[in-house]
Ligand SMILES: Cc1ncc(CO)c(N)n1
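Here we start with a single chain on its own, the form predicted alone, put down as structure tokens.
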Amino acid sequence: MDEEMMNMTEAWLRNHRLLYTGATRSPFILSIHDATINFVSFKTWLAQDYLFVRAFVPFVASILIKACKESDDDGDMEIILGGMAALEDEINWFKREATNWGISLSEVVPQQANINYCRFLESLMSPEVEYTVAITAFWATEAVYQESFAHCLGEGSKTPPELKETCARWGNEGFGLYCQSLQRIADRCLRTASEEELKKAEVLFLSVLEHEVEFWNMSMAA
């Protein structure tokens, strides 16, 4: 496909393939796929991601507010609102899983990679951050999880039975379609964005990938 005809997100995925692959095929994800994972690492990820999701809620809420004020398409609000509604169920799922794995969530202390990622999200909640930039970061965050966990359900995967529900939570087709909806919103906004906004959005896209890599690595370090 000619680069001029390619959507901006597709161009970025192609141009930054190495980093994107690093985020979606991390040693943590590959260890689930290959059934070589140390369950201590999984428990670390589970506990840390619970804290992350709680910080993710106000970030998504801020994007919903930006959509109401800045979006040129009323459909954006419904898509983002649907994602917000799913986060309540997600938090409850983390609580149930923590109980199953013997994790006391009230005693979990955020690790540095988690703190850094949450601070990054908080920086995007500022009213000065354009909707185009924020929705691009939102799409990237969700897309990495979808592609990562979908890999653990794909052909040839040996994912342990204990982790299949976790992988299906983000690797399922429905979540994939949701991520595609976010990508379409981002591409539509990027088509009319200023040169400054485009540069800022690309930088933040790369920042999301870097934070994802650090988050996975943090879990494996356990």
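Start at 1 with the first residue shown and count on from there. Model, not experiment: these values are computed from the prediction.
Not on display, but discussed next: the form predicted together with the named molecule.
Novice: Would 49, 117 and 145 all count as contacting the named molecule in the model of the complex, using a 4.5 Å heavy atom cut-off?
Specialist: Result yes, every residue of the spot touches the named molecule.
Novice: Would you please decide whether residue 57 lies within 4.5 angstroms of the named molecule in the model of the complex, comparing each non-hydrogen atom pair?
Specialist: Taking the distances in the model of the complex, the answer for residue 57 is no, it never comes within 4.5 Å of the named molecule.
Novice: Even though the partner isn't displayed, in the model of the complex is residue 132 close enough to the named molecule, meaning a heavy atom within 4.5 Å?
Specialist: No, residue 132 sits far enough from the named molecule in the model of the complex that none of its heavy atoms falls within 4.5 Å.
Novice: Applying a 4.5 Å heavy atom distance criterion, does residue 90 contact the named molecule in the model of the complex?
Specialist: Yes - in the model of the complex, heavy atoms of residue 90 and the named molecule come within 4.5 Å of each other.
Novice: Is residue 53 close to the named molecule in the model of the complex, meaning a heavy atom pair under 4.5 Å apart or at it?
Specialist: Yes - in the model of the complex, heavy atoms of residue 53 and the named molecule come within 4.5 Å of each other.
Novice: Only one of 95-103, 137-145, 75-83, 124-132 has heavy atoms within 4.5 Å of the named molecule in the model of the complex; I'd like to know which.
Specialist: Result of the contact check: 137-145.
Novice: Can you list, in sequence order, the residues from 180-198 that come within 4.5 Å of the named molecule in the model of the complex, counting heavy atoms only?
Specialist: The stretch does not touch the partner at all.
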